[in-house]
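Take a look at this one chain, the form predicted on its own, written out in structure tokens.
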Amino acid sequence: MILATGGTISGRGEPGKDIGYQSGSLPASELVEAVPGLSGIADIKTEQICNLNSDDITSEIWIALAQRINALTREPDTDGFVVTHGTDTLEETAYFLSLTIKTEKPVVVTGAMRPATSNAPDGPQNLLLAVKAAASSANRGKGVLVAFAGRLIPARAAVKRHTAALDAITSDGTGQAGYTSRRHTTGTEFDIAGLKTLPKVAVLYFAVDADPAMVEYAASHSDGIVIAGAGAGEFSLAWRAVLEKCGVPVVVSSRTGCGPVLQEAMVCANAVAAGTLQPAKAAVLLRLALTKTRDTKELIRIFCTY
């Protein structure tokens, strides 16, 4: 089953141009028709969840997508899933699915850096790889994978590293070993069956002279905060003073893009270390965690587990 959400892979624009296109223009059926040989790999069905630029994806769409996969996985003639998605927020959607879907069947997320109307679109190749991966029984129980530029990447490790390169989505460096030690899919504690939306979480980027008033505003308008801190999760004394009394759960990640943030290094009593999760993914996990608890010790356990 191919579940389409839009993005550049379904973008349409002036023939031959790689910019100035409209994301989410083509339906899933046309994406499949553009890839010769797919019918020889699997009996394919398509379903359009939405057709958007991935910057317009919402938690409501995440939940609907995960609930749909959870429903379809009970059908005996559905052996695997492919989700097509825009690359800007693909890593967040893939990680959310890895925490919320309840199936051992392969689930593979893919997208493209060039629109379907490009002279050399990369979408067909990525979609072919995704279908092959989803059709393979070898990928059962591996959780959600991302298929991109010839690679299969665990959802927790997938990250967009470049604005334009064809291999823009790659691994954050934790790789398969860092993923298999973490619980996912059928092993998680998160239940989205009755959910319609998720708690709000603000992601704040720390830099020199960053105004602590941003923290105050975020705390008054959000259910939780993720800090993209400098270095190993550092921020100013002025930010620390506000964070310690902000009244909402705080998770500290790093803006560096690689390496862990450790719980032992937290200077705020109410702060939770994101570990190796980058800010956007830390926000995904915190939003799900807040459906269960606001207790700091429990949040620490959850971030150590996933």
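Note that the coordinates shown come from a computational prediction; the quantities given were computed from them, not determined experimentally. The first residue of the shown sequence is 1; numbering continues from there.
From this point on, the text means the form predicted together with ligand ASP, which you will not see here.
Distance criterion of 4.5 Å from any heavy atom to ligand ASP in the predicted complex singles out N53 from the list T256, N270, N53, N70. Among the residues K160, K105, K132, R182, the one placing a heavy atom within 4.5 Å of ligand ASP in the predicted complex is K160. In the predicted complex, T87 approaches ligand ASP with a heavy atom inside 4.5 Å.
Residue contact check for A112: one or more of its heavy atoms lie within 4.5 Å of ligand ASP in the predicted complex. The stretch in contact with ligand ASP in the predicted complex, judged by heavy atoms within 4.5 Å, is 53-61, chosen from 270-278, 53-61, 34-42, 244-252.
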